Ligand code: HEC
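Just the one chain here, laid out as structure tokens, in the form predicted on its own.
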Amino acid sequence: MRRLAAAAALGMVLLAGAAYAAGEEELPPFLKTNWSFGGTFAADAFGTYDRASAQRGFQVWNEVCSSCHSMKLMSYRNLAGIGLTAGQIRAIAASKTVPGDLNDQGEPTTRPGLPSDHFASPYPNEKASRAANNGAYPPDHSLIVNARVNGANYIYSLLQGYVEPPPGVKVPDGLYYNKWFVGHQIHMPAPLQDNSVTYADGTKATLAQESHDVATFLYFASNPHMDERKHLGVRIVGFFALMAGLTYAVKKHVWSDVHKATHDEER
């Protein structure tokens, strides 16, 4: 299912590229920030998730974003990847209400969540979601970073891109001006501001900090196995480096006898 969703996300990226090619207004450069998982050669090759930032990002997503957005491909047990303990994960899951089995009358029931459950969605279906959001359909966040060009930087900038429209630009009712959204008019009102949450670890919750943290968590959600891939890559590179050294040493040893014999014949 994740592969199918990734293919759909790629399709969205290609469509976005086609829109730009057709003359869509180019967005301004993204805001600059440092990511532990990418953005420089060292981070791209060896970087890992800043677990403290990812945990704060989950707090932001859980307290703010999850009221409208779903994350259907994530299970609560996946939160172990950002460093949450089994007890914390059980408590988070249990605080959610998820669909249960049918009762004896064939009616649907609900129950507290389990670590094995997928994230609870805020709406039962797309129609209910649109009805609650003036016709707009908040996208699922499971692969949102991979579905956007330069995903983490885009999200980080978008969340801070709500500004007053330029003179002469009229924004229709129900839309909001955002300088990093294609077309600049977005249905989603600004979801974050300073002190949108009170961080459990005492970090100051500025808009920039919240945007950075939630983008880190969303990157993790889209790439939950990144750490394992990079660790495997380092081991493979180390293995090939070792084999290259051994091969060179064997070559030197074998050919040293040949060179010695050739030298003796010439004498």
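All residue numbers refer to positions in the sequence shown, first residue = 1. Just so you know, these numbers come straight off a predicted model, no measurement behind them.
There is another form of the same protein, the form predicted in complex with the ligand; it is not shown, and what comes next is about it.
At 4.5 Å between heavy atoms, is Cys65 in contact with the ligand in the predicted complex? Because a heavy atom of Cys65 falls inside 4.5 Å of the ligand in the predicted complex, the answer is yes.
Although the partner isn't part of this model, could you tell me whether Pro189 comes within 4.5 Å of the ligand in the predicted complex, counting any heavy atom of the residue? Yes, Pro189 sits close enough to the ligand in the predicted complex that at least one of its heavy atoms falls within 4.5 Å.
Does Leu73 reach the ligand in the predicted complex if we count a contact as any heavy atom within 4.5 Å? Close contact is absent here: in the predicted complex, Leu73 is far from the ligand, nothing within 4.5 Å, heavy atoms only.
Tell me, yes or no, whether Ala136 is in contact with the ligand in the predicted complex, where a contact means a heavy atom of each within 4.5 Å. Judged by the heavy-atom cut-off of 4.5 Å, Ala136 is in contact with the ligand in the predicted complex.
Location of the ligand contact in the predicted complex, chosen stretch of 163 to 171, 94 to 102, 81 to 89, 150 to 158 [non-hydrogen atom, 4.5 Å]: In the other structure, the partner sits against 150 to 158.
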